[in-house]
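Consider the single chain below, provided in structure tokens and representing the form predicted on its own.
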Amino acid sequence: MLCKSECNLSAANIAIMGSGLMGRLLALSLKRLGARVKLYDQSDQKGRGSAARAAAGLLTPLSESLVADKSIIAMGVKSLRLWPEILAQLQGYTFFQQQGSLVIAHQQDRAQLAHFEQHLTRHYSENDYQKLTRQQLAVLEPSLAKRFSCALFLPEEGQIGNRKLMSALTKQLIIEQVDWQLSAKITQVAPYYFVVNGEKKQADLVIDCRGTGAINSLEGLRAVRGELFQLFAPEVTLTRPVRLMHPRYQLYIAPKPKKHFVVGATEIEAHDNSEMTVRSALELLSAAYSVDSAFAEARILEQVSACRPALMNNHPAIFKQQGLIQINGLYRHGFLIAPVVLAKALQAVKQSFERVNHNNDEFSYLIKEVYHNA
């Protein structure tokens, strides 16, 4: 939810470092709450180089449940209900789909699919997933039924157009006249002040949303490299997100409007934004072809490599102290959990100005109190 005027922050001078997904959502929300917001980023309005731009926008919490902590899954389920409310407050089209997702496996990897099914049976309701026969799969995705005899269908899952959303947020920031300073080199962030382009500036509250840009400022923060392809595939008929189980990785295919597809899987522990290796490219494209041979004629529009910010436990956190809030560690779950993290970040901001107590809801653990000695 992008907050409206249910509380008054009109006296607050708030500086936000970083205009990725969280920075933009926070800037709009706090401006609507009456704060005097200034948003700083070293990049441009398109967010080139940000983790938000190099993503698939998957909203698939149960699909992540084998490799993600249950708290992440809970945030993802909650966020799926919150995204439509956020999007309704943006002037400009963005792509949101909640028609379910599919999990498949080739015959030699069926044990991986069976293991995932057992996991779902143990931890989730029978209404949360369905095991499909080839005939049932053909109704949803006819092209998959040609190669796969069964699948798991997760009916509540979906996806969002990450780049369309970033564009819509850009337009909204301009419409609502948020003070947005681009090409801003941020070299220091501290309680009540920051240094940008060599100049020290002050604020009532500094909010650091720089992702991997905060590695030198936040202990335990690291970068995890992700890789994906943007493809144009007019012959491919897939309409909903698909995951291919594999002993080493899970390939995802995210269909976007106008026959565009995002294909990705890789996760590499490295702070490296360089081009994709031949090995990674071959693995990703070969796996996509193994799902649907129509990918053979796809056009490669873009190869994307970017680093995602991760804390030691791969959980997000909001570090709060007087004059400074640091939001980081969204890892590869940025779009999946952003609405819940936004809500908790706004709560932390209100606590900073109104001296309110913590709301002990199920996600209160996101906020970490830090006691700063000036």
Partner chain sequence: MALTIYGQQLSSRLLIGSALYPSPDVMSKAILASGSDVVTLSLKRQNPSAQAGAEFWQQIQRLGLTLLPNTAGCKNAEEAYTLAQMSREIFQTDWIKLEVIGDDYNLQPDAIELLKSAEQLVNAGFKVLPYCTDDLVLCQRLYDVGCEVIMPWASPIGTGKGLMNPYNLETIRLRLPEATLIIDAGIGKPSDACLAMEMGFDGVLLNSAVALADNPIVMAKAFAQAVNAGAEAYMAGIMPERQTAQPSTPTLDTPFWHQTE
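Positions refer to the first chain, counted from 1. A quick note: this is a predicted structure, and the numbers were derived from the prediction, not measured.
Beyond the structure shown, there is the form predicted in complex with its partner chain, which is absent from this document and is the topic of what follows.
Contact test in the predicted bound form: Arg279 vs its partner chain, heavy atoms, 4.5 Å
Judged by the heavy-atom cut-off of 4.5 Å, Arg279 is in contact with its partner chain in the predicted bound form.
Does its partner chain come within 4.5 Å of any heavy atom of Ala270 in the predicted bound form?
-> Yes, Ala270 sits close enough to its partner chain in the predicted bound form that at least one of its heavy atoms falls within 4.5 Å.
Q.
Given that its partner chain is not shown alongside this chain, does Lys258 nevertheless sit within 4.5 Å of it in the predicted bound form, heavy atom to heavy atom?
A. Close contact is absent here: in the predicted bound form, Lys258 is far from its partner chain, nothing within 4.5 Å, heavy atoms only.
Residue-level contact is defined here as any heavy atom of the residue lying within 4.5 Å of its partner chain in the predicted bound form; does Asp292 satisfy this criterion? Residue-level check for Asp292: no, no contact with its partner chain.
ask   = in the predicted bound form, which of the stretches 171-179, 90-98, 138-146, 122-130 has residues with heavy atoms within 4.5 Å of its partner chain?
value = Going through the listed ranges, the match is 122-130.
- Item | Heavy atom within 4.5 Å of its partner chain in the predicted bound form - the one residue of Ser43, Ser29, Asn314, Gln347 that qualifies | Residue within 4.5 Å of the partner: Asn314.
Practice prompt. Have a look at Lys78, Lys164, Arg222, Arg240 for me and say which one sits with a heavy atom within 4.5 Å of its partner chain in the predicted bound form.
Written response: It is Arg222 that has a heavy atom within 4.5 Å of the partner.
Any residue of 106-122 that, in the predicted bound form, places a heavy atom within 4.5 Å of its partner chain
Those in contact are Gln108, Asp109, His115, His119, Arg122.
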